[in-house]
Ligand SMILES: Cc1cc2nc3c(=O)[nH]c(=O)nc-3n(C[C@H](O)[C@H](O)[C@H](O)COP(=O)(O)O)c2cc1C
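Before any questions on binding or motion, here is one chain by itself as structure tokens, the form predicted alone.
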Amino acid sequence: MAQMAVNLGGIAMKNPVTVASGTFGYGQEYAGLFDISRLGAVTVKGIRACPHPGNPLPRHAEVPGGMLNAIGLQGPGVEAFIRDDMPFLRERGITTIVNIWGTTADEYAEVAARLTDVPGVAGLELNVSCPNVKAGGASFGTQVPTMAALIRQVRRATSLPILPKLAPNVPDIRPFVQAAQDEGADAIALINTLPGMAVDIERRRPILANRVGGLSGAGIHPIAVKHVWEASQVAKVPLLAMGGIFTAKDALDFILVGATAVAVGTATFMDPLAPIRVLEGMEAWLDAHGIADVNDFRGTLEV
């Protein structure tokens, strides 16, 4: 069987498959369905300094090619996460990446500092690009100087590996990749959801209470592949790729264009076993093609 272990900017993963933040809860929600320790890592739902209720209902809408969501980063806050969720993940030896966010750079840094010495936390994914919160999120991720200043402040606050999660709705992803690694990012996650909207023509109202949300699913996969390929042209740090992964082929697309690891997201809503099916499919494909190590396949696209 192919060797599947990868190193994501200092985060040792037994295989290159994790889950996208916001699609997998805090791990316990899926633990009754399969052994989640089989994954290379679990990336948990976004955490800020204090509890946050998220957006009003309705917060989901099916659309052609995917799903719109406007959850609004509902979460229990960092202290409740450490108390109630980390023991479960730690006891099972799960490599845990914590997605963090805030409404100010100071809050990001506060959460990062608080998580730094928590046993079991392997790294921090910085949500600088969520399109469905009114403060924080995308306001940090669409301007290079603003994003760079945020990463710089978080870098000073923690010794953990940090992975900024980049926004796709920018003219060119490469300046953001360059700025992130210049400011000390250990790896880079991309892409987040794309801003979108769905309307009800009978009621003449937006379907989502938040009016707009983040588009995810199979329809965004080619956009994500393009962004990851462009990012790989300037990245000197590993890339964690996500966007429309439903099959092993989707995941291998990202590895081929330069990603070190991948995150399965929206697919888990239709098939909770999707992350494991993707992993097993990747292993089978690599074996069938005589590739002994997944790292040997990374970045081998011929253009």
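Counting begins at 1, following the sequence as shown. None of these values were measured; they are calculated from a predicted model.
Below, we refer to the form predicted together with the named molecule, which is not included among the displayed structures.
Only one of 229-237, 192-200, 205-213, 85-93 places residue heavy atoms within 4.5 angstroms of the named molecule in the model of the complex, namely 192-200. Of the heavy atoms in T260, none are within 4.5 Å of the named molecule in the model of the complex. When contacts are judged by a 4.5 Å heavy atom cut-off, A248 does not count as touching the named molecule in the model of the complex. For the chain shown alone, A122 is not a contact residue for the named molecule in the model of the complex, no non-hydrogen atom being within 4.5 angstroms. Remark: K45 counts among the residues lining the named molecule in the model of the complex, judged by a heavy atom distance of 4.5 Å or less. This chain lacks the partner; the member of V225, A179, V78, L73 within 4.5 angstroms of the named molecule in the model of the complex by a non-hydrogen atom is L73. Put simply, of L252, M67, I36, A49 only one has a heavy atom within 4.5 Å of the named molecule in the model of the complex, and it is M67.
Looking at 2-30, the residues that come within 4.5 Å of the named molecule in the model of the complex, counting any heavy atom, are A20, S21, G22, T23.
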